[in-house]
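Just the one chain here, the form predicted on its own, laid out as structure tokens.
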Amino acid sequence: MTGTTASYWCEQAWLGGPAARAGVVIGVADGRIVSVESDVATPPAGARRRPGLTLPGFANGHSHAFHRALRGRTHAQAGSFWTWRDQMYRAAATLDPDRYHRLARAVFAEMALAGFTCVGEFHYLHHGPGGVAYADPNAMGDALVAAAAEAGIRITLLDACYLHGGIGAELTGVQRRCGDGSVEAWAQRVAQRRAEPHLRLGAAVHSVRACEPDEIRAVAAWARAADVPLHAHVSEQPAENDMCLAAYGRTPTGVLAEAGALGPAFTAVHATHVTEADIALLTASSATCCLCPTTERDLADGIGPAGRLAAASVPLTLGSDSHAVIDGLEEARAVELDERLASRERGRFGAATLLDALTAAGHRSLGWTDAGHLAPGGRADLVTVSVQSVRLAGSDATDLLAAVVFAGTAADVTHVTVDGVDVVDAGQHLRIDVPDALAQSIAAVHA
């Protein structure tokens, strides 16, 4: 994705640090930022005006696109994560490559409207009914990659190895669509994927429930050799910890560490119920943790240990996971607000720290080290938030950063540029009628 040469005059822009800068002119050429100048009081001739606060592109660190079809259909029902999972599998059973493409295209376009310029798609629905491979064994993943391109955002496809239906259990039902039979077959399929300009390939271990320790070791070795990110669901539920301790005498983080999965390229997703020893392992290995607060609260997972992770210098990123909400600002402030509930203290995470998790740290965990900051040489991803809505009108102009993080929503995002290409203008996606696309693709899932 590259665009023509352009310049943007931003009323205020966040260039890093504790506060935004006023009158920022950003020069763009061939999808890259080539210049940044602050304190320019009036827009230069030909510059595109961006009133409000302009931020780097947001990174959605953890997504399951098809879960979006459950929004508004499961939230009021009693039960737990495990009963919700049954409903999720029923939705998965309806998908084929074409239906998945149309749904993901709409979901990724909704992400663009919310300011996300990149998504980490944790992809495990690989095959057809009964686990029978499609003629193209990567047809389902290709549908996701194409959907991101059409929606105008980048994608890191975190191709998940998912071999068991639980510790010591076979895959059953819809789970069979996830399995490749062995790590070797998984790796052979993944190696067939075509390169794309908007695509980074990543690897994933679905969980310690879905891969045994030797299988985790093999996936981790493959990821290191390929020099790609490696992600895994970790300690999302207390039951997962209990099963793992009973089977292996270690927590999920301990199993992953012993299998060689932890390291600077590793991201633990959720980590809601990690122990202090687990956090020490994450710190020692320079691993990252991706929190998904809106999903974790929707599924009654619990409040993640954000404060303890940050105190131990574990980098934090953010994801919308099941897409109960697609709103990066809501995910960011939820980290601080949940920490307030847990600690009964305010001010653990400042606006700039939360924005770093949403931007630069998120992109790094997905393999896009040149994104997430407004600086020369970086990718030209610009997200502008209006401060004139009912949510932000009257905000303190000297601290718009805090106002936007703690009171803004996805509805306040007015303009989004990805790799120098304008994707959202005046709050409207320039390519896709997003509400209509969502309504039609979700109706097809439930038909």
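Residue numbers here begin at 1 and follow the sequence given. Since the structure is predicted, the reported quantities are computational estimates derived from the model, not experimental observations.
There is another form of this protein, the form predicted together with a further copy of the same chain, and it is not shown here; the text below is about that form.
The contact with a further copy of the same chain in the predicted complex, taken as any heavy atom within 4.5 Å, belongs to 110 out of 110, 142, 356, 215. Though a further copy of the same chain is absent from this view, in the predicted complex it lies within 4.5 Å of a heavy atom of just one residue from 84, 124, 368, 186, which is 84. Using a 4.5 Å cutoff between non-hydrogen atoms, residue 193 does not count as a contact of a further copy of the same chain in the predicted complex. In the predicted complex, a further copy of the same chain sits within 4.5 Å of a heavy atom of residue 439. Put simply, residue 299 is close to a further copy of the same chain in the predicted complex: some heavy atom of it is within 4.5 Å.
At least one heavy atom of residue 399 is located within 4.5 Å of a further copy of the same chain in the predicted complex. Only one segment in the set 70-78, 247-255, 171-179, 217-225 has any non-hydrogen atom within 4.5 angstroms of a further copy of the same chain in the predicted complex, and it is 70-78. Taken together, the three residues 162, 197 and 307 all stay farther than 4.5 Å from a further copy of the same chain in the predicted complex, as judged by their closest heavy atom.
Interface residues of 222-260, taken as those with a heavy atom within 4.5 Å of a further copy of the same chain in the predicted complex (partner not displayed), are limited to 238.
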